[in-house]
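Below, in structure tokens: the form predicted on its own, a single chain.
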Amino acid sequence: MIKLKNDIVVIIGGEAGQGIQTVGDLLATVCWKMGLYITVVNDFESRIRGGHSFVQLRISDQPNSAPSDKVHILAALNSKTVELHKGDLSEGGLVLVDGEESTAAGVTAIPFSKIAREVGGKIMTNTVVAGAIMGLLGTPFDIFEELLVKKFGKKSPEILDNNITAAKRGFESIGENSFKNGFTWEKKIPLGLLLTGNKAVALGAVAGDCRFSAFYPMSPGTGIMNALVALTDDFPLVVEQVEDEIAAVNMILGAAYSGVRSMTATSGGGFSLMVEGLGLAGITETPILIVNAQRPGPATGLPTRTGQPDLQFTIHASQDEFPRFVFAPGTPAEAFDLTVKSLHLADKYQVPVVLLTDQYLTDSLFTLDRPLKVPDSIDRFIITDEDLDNPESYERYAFTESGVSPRVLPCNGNALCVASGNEHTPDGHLNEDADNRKRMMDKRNAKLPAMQKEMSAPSGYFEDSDILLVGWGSTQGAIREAVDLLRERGQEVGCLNFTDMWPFPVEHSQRLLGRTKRFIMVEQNSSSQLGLLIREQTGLSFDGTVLKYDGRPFFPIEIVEETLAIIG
């Protein structure tokens, strides 16, 4: 059994291009194989070389999905890392620096770069660092060696041998140093999956029968498309990189019109360019999925940072009014489930769907302790000539009580499928008649009551408490941990976390928020966009806000301190 006295937080910092993320991935995989819970947060600047980048690895024997404000081990590949992070060290924390010797108190010098050059080149520095941290934590080296064989075994024997040697030299370089809060290690079955939000969305896409994806690179959404590309050899999936975001949304519209489940992924700036295509999907009632991986703006903003700035924009994007779904997963498991759900509901109601993720969720690595459930079957909601009494009289936009018209595919029989980006008659031809316009608007909006019934209630944690913290999307882990910390201090606090954003789940919200004495919004934007939406849709007003919009994810302690200030 692995005994963990408390959470252990490791930061590896240096410049972009030094392989910082590789170190985090190696360490995370070793700890995961030993049955521990892992959260890995990547913090990096928008540059290929230089600047400051770091990886925070949080290791625990209990579930966690939030970064920590305290650091136990700091491995610094440059002096700037020590300067920026030494103030975050917990009592008894250790600092490892790259060098021959150090006279600073609490700092241990280990010649990472020198060892790497001696073994096979400076490129091996990250493997040396990973080995040193494993040695400090007391990990059995054979576990680490197994991972290196799996990672480099298909490369040349020389590359594999050099990496194993580099890791062993790093492991041994620790000498007599040890971390007092280390582990008693015993190999056991890993806890579920080790997954980023990006990969979870990609897996959810293929599980939901997505067959085509077009994209233009834009961080942090690019990682989703990279994950999809990696799946093309094993699934009937085509992924196309195109010239811009306008082309991407129009290509998936064309594919979806022909009957192929299709999606794209971008960030706020790219989503802005896709808005006209979103409106075209609305008026042509074409089912598409757009993933908007949020980052701070406006314009280029902070391209490698996180935030929740696009909720209000997304639910109102494009001119005029038309139904759409908006979802915002809080964990990789929810990202998988909601991607599957999004593709299903887009087809069922013939509407566009937007999935709101963010840089923290997409780029971070989490332990999933439950299996991902693939649908037993896929419903496509498409009919053929055999389902029609008279295919020649088929109307693509026939008026129905539900607002959902029977859908046939173009060039797939005698039923003629006509679509137009202009307002149109039931048979799809352009029409500017006032009465027809009103009936068509009413037809599309008639979908909303059934769509709203598809929306799930926010997930609760001590939701019967007198005070509730209310958030959405990826803040879920930090909020729940903040609730635990507040309850330890004797505060009667719980939380609600929204994932189903639009059509807004009015009845669920009124039921859950109407019975609490006070609720406080916790969001990563400057105006409490969900709080304003709750007030607009339910008439209920929040009692305070805990807002963070500097591009970094919440630390649970920040939520605790600001909540205490609000409730006195």
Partner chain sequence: MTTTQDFDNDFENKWCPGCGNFGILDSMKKSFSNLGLAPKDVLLISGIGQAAKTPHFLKCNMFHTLHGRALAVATGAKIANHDLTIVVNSGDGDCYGEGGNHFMNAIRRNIDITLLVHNNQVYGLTQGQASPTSKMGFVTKVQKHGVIAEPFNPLTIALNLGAGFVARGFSNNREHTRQLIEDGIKHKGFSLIDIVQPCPTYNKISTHGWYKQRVEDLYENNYVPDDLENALAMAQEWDEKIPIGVYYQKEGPTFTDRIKKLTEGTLIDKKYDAAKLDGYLSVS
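Keep in mind that this is a model prediction, so the values were computed, not measured. Residue numbers count along the first chain shown, from 1.
This protein has a second form, the form predicted in complex with its partner chain, left out of what is shown; the following refers to that one.
ask   = Among 206, 234 and 247, does every residue place a heavy atom within 4.5 Å of its partner chain in the model of the complex?
value = Yes, the whole trio is in contact, each within 4.5 Å by some heavy atom.
ask   = Is residue 417 close enough to touch its partner chain in the model of the complex, meaning at least one heavy atom pair within 4.5 Å?
value = Taking the distances in the model of the complex, the answer for residue 417 is yes, it comes within 4.5 Å of its partner chain.
query = Going by a heavy atom distance of 4.5 Å, is residue 47 a contact of its partner chain in the model of the complex?
reply = Judged by the heavy-atom cut-off of 4.5 Å, residue 47 is in contact with its partner chain in the model of the complex.
ask   = Is residue 190 close to its partner chain in the model of the complex, meaning a heavy atom pair under 4.5 Å apart or at it?
value = Close contact exists here: in the model of the complex, residue 190 approaches its partner chain to within 4.5 Å, heavy atoms only.
ask   = With a 4.5 Å heavy atom cut-off, would you call residue 222 a contact of its partner chain in the model of the complex?
value = Heavy-atom contact with its partner chain at 4.5 Å: present for residue 222.
message = Quick check on this chain: which one of 410, 153, 449, 460 has a heavy atom within 4.5 Å of its partner chain in the model of the complex?
response = By the 4.5 Å heavy-atom cutoff, the listed residue in contact is 410.
message = Going by heavy atom distances of 4.5 angstroms or less, which of 336, 472, 144, 349 would be at the interface with its partner chain in the model of the complex?
response = By the 4.5 Å heavy-atom cutoff, the listed residue in contact is 336.
message = At 4.5 Å between heavy atoms, only one of the stretches 350-358, 476-484, 156-164, 239-247 reaches its partner chain in the model of the complex; which one is it?
response = So the stretch in question is 239-247.
request  = Just give me the residues of 501-540, first to last, that have a heavy atom within 4.5 Å of its partner chain in the model of the complex.
outcome  = Residues within 4.5 Å: none.
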